[in-house]
Structures are given as C-alpha cells and as structure tokens.
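Shown next as structure tokens: one chain only, the form predicted alone.
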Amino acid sequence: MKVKDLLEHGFEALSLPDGDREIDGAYIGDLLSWVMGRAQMDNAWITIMTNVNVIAVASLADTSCVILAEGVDMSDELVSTAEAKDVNILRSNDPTYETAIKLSGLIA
C-alpha cells in the first residue's frame, strides 16, 4: 500500500511530498531515541509527538510516513519543514490503538 492510499481510509494528509512511498509495516512509539533505533525503513510510524525532532527521526529511520494519532495537530511551520525534508505526515482522529488496528488491516 502507498501512503497516499491511506487518504481513502480516513487518514488526513498534513504533508505529502512523497505519497507514492510504499508502507511495509508499522511502528508505534513516542520515545524518539527508541523509535530511531527500532523503526524500520518503510514503516508507518504512529505517534502523538509533534515537535521538530519527529521529522528528524522519521528522516533518519527512513519511515514511509508519520501518522499523528488522537487528532493531534502539527504547526504550519513544522508541516513546512516536513515538506522540505520529504517527510509524509498524516493524521488520524482515532485513538492510537484504533489507528494501529485500522492500519494493520490495510497493510496486512
């Protein structure tokens, strides 16, 4: 499944510079150093964190996208930074657990 395909399933794009990026698994976590060492390339990363370090970790871990769960929002400045760094940022209004279940059903 491609990142842009998630838009048809209730996910909202905040930054989508590379919507054709494939999703091959998922990682859930909010401790940035933990995510940096454990998220795999092409994972969708589900988090509630919304600072500039999320963009840096997503880039370093080479995740396909960051999904902000719980309806969390990201500032326009950070969205612009994500666009400039080619980091896809999506949002889900569902709780983290339900976001993960929905994603799992789509990429399984």
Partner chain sequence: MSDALVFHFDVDGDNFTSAGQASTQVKRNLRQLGLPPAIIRRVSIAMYEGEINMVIHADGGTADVMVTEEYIEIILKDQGPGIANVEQAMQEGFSTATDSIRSLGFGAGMGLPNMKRYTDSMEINTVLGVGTTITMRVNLA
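Residue numbers count along the first chain shown, from 1. Just so we're clear, the structure is a prediction, and the values are computed from it rather than from any experiment.
Heads up, the form predicted in complex with the partner chain isn't pictured, but that's what we're talking about next.
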property	result
Proximity of D76 to the partner chain in the predicted bound form, heavy atoms at 4.5 Å	no
In the predicted bound form, D30 touching the partner chain (heavy atom, 4.5 Å)	yes
Interface membership of G37, the partner chain in the predicted bound form, 4.5 Å heavy atom rule	yes
Heavy atom of V72 within 4.5 Å of the partner chain in the predicted bound form	no
Complete contact of M41, N53 and S59 with the partner chain in the predicted bound form (any heavy atom, 4.5 Å)	yes
Stretch 76-95: residues contacting the partner chain in the predicted bound form, 4.5 Å heavy atom cut-off	K85
